[in-house]
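Shown next as structure tokens: one chain only, the form predicted on its own.
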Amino acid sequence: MRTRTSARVGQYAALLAYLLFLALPLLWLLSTAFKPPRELGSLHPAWIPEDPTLANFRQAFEEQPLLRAALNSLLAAAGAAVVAVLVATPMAYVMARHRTRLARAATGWVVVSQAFPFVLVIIPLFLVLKNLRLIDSLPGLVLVYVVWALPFALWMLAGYVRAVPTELEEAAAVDGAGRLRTLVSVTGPLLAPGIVATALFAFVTAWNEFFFALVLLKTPEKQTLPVILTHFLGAEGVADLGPLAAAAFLATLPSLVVFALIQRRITGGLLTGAVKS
């Protein structure tokens, strides 16, 4: 009993240490965002600002169009998440339920495609979008984000589909339900946590993406938030640290808020779907 308790305490201690490790950059960013210039230039910076100020946030909004850039990022990320889920869900179902050579080849493609660096695809991608007249447009950027998120979304959703017992679908068929009704009423609720998690992955990936947005968007009014953050760097690479920290902290909030709102859905959705079915 004592050994089990010690092991449990050790697990919680390790988890707490890991959470602190993940939280340190965000906490330091938040601290920097509220520090006045005098404290930012200190040789011995403190975690808690001695004289906290909102001037960095005010300066950030005055120097750069953060609201417009945030709206562009929101449109691109939300569009990519919705389209990726709509495309990936039926494809993942087919891959998981029909274990053919084509499905296995598609799974292999999903794994291999994740190893491609951005630099290898940016030139052909640029040429394709140029022929489609989608350069310097948010729809073109959404298309790129969907294509880039689709392999992982397929792999992720296929795992959720395999976790749904086929006996449930067979029982629904015996009761007279058609294929479409079975998918909507039985399989769909069970896949809800996987769909939400996949949408979150696509949203966060698109929200934080920088390279494609930098290359494909040239008009300042269409640039996304990660690109706008680079404008706080001077010509010689010297950062305007206070406003940059304030803008970067604001840029991280949507991802944190989205996850906080749906994390209960992710953890409890599978059980809820099983009860509904």
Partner chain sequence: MRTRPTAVLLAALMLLAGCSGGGDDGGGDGRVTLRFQSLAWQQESVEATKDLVAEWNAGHPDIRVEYVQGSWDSVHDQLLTSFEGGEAPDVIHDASDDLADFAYGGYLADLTGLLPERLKSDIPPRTWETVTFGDGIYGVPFLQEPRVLIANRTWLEEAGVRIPTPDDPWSWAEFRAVTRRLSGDGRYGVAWPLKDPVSATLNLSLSAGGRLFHRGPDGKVTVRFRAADAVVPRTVHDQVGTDRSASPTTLGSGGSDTLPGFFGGRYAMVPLGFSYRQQIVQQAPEGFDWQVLPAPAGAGGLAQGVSPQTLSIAEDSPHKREAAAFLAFLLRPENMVRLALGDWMLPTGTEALEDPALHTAEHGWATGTALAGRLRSAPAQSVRGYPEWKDKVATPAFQEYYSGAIGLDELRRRLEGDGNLVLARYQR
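Because the structure is predicted, anything quoted here is derived from the model rather than measured. Positions refer to the first chain, counted from 1.
The form predicted together with its partner chain exists for this protein as well; it is not shown, and the discussion that follows is about that form.
Should the three residues T89, W109 and T252 be counted as contacting its partner chain in the model of the complex, with contact defined as a heavy atom within 4.5 Å for each?
No, because T89, W109 and T252 lack any heavy atom that approaches its partner chain to within 4.5 Å in the model of the complex.
Partner contact for Q59 in the model of the complex: its partner chain, 4.5 angstroms, heavy atom:
Yes, Q59 is a contact residue.
At 4.5 Å between heavy atoms, is I48 in contact with its partner chain in the model of the complex?
No - in the model of the complex, heavy atoms of I48 and its partner chain never come within 4.5 Å of each other.
Contact between L75 and its partner chain in the model of the complex at 4.5 Å, heavy atoms?
Answer yes; at least one heavy atom of L75 falls within 4.5 Å of its partner chain in the model of the complex.
Quick one: does S137 come within 4.5 Å of its partner chain in the model of the complex, counting heavy atoms only?
Close contact exists here: in the model of the complex, S137 approaches its partner chain to within 4.5 Å, heavy atoms only.
I need to confirm a contact call. Of A105, A173, L120, V82, which residue comes within 4.5 Å of its partner chain in the model of the complex, counting heavy atoms only?
None of the other options qualify; the answer is V82.
With its partner chain left out of view, choose which of L29, A239, L54, L67 has a non-hydrogen atom within 4.5 angstroms of it in the model of the complex.
Going through each option in turn, the one that passes is A239.
Segment assignment from 91 to 99, 139 to 147, 161 to 169, 183 to 191: heavy atom within 4.5 Å of its partner chain in the model of the complex:
Of the options given, it is 139 to 147.
Across 176 to 215, which residues bring a heavy atom to within 4.5 Å of its partner chain in the model of the complex?
Heavy-atom contacts to its partner chain in the model of the complex: F210, F211, L214, V215.
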